[in-house]
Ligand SMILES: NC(=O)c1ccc[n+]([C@@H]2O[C@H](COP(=O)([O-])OP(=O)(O)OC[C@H]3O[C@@H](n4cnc5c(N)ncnc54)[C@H](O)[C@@H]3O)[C@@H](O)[C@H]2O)c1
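Just one chain follows, in the form predicted on its own, and it is written as structure tokens.
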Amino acid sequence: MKEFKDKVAVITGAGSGIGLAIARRCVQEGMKVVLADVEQDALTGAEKELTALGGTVLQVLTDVSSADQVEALARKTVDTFGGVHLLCNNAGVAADGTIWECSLADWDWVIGVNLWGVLNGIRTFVPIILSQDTEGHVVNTASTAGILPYHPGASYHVTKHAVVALSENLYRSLGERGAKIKTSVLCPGFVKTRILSSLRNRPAELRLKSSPKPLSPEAEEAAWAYLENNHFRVLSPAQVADMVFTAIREERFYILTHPEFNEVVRKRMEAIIQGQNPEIKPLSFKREQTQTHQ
């Protein structure tokens, strides 16, 4: 896709963070935008903001882990705008803990949003775009955790690797059919979103008495400040949205926001090829150590 004016974008997790930043860029490009999120207040606020910017916007409260709700999102999109051209499967959540320390409720929640959310989006919207026989693009938000050898949140790590594999499969499957739909997988590093407090949106039926409480806004700010003060590069959602649109125009599959992680990825791939065991030591990718990769 090179031209965006009057095209239709559907963005999940659009109430804040990267999703909202992509929605803003869509409005700037003259696109009609469908905002999907599980958080009603954030969704309403996003719609008001984008409408005030002159955007043509539809908000749809959607739990992406539910195939029925994603199908309802698609129906409302087509009924309102007649089709869809850009799909951003962006909704995501995070939970900490090792494989055995995470409860089944933790796994159900994270897999439901991070993996089933992307899968539901693809299964529902890709056939619609194919039937239109128009140019289209799918952007699946994974994470650098999806290409790194380790992340302390086991469920997050597993689902983000799965999203990368799912995206690679989609890219190949569409390419083999000569489809006009292109695919990108977004692997952001440190981006100042509300992912650290995603527990605020955990469904009541998947909460446990032992579940931690969401971080307060003050605690979130302190966490981001800690990273920045320790020489980690923290991007704004707007910077990532710019990278996404550049990748769409260039039909580029991998969107890697933090080149300083590349060396760790390279070492992981070389270890796999050489049959070496994974390293058990802290990952090192501070900005000050990798200036040559900027």
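We number the residues from 1 along the sequence you see. All values reported here derive from a predicted model rather than from experimental measurement.
In what follows, reference is made to the form predicted in complex with this ligand, a form of this protein that is not presented.
Using a 4.5 angstroms limit between non-hydrogen atoms, residue 31 is distant from this ligand in the model of the complex. Using a 4.5 angstroms threshold between heavy atoms, residue 139 stays clear of this ligand in the model of the complex. Taking the partner from the other structure, this ligand in the model of the complex has a heavy atom within 4.5 Å of a heavy atom of residue 200. Using a 4.5 angstroms limit between non-hydrogen atoms, residue 77 is distant from this ligand in the model of the complex.
Segments offered: 142-150, 170-178, 122-130, 95-103. Contacting this ligand in the model of the complex at heavy atom distances within 4.5 Å is 142-150. Among 27, 241, 247, 38, the residue placing a heavy atom within 4.5 Å of this ligand in the model of the complex is 38.
The partner is absent here, but in the model of the complex a heavy atom of 194, alone among 161, 182, 85, 194, sits within 4.5 Å of this ligand.
Counting a residue when any of its non-hydrogen atoms is within 4.5 Å of this ligand in the model of the complex, the one hit in 101-130 is 113.
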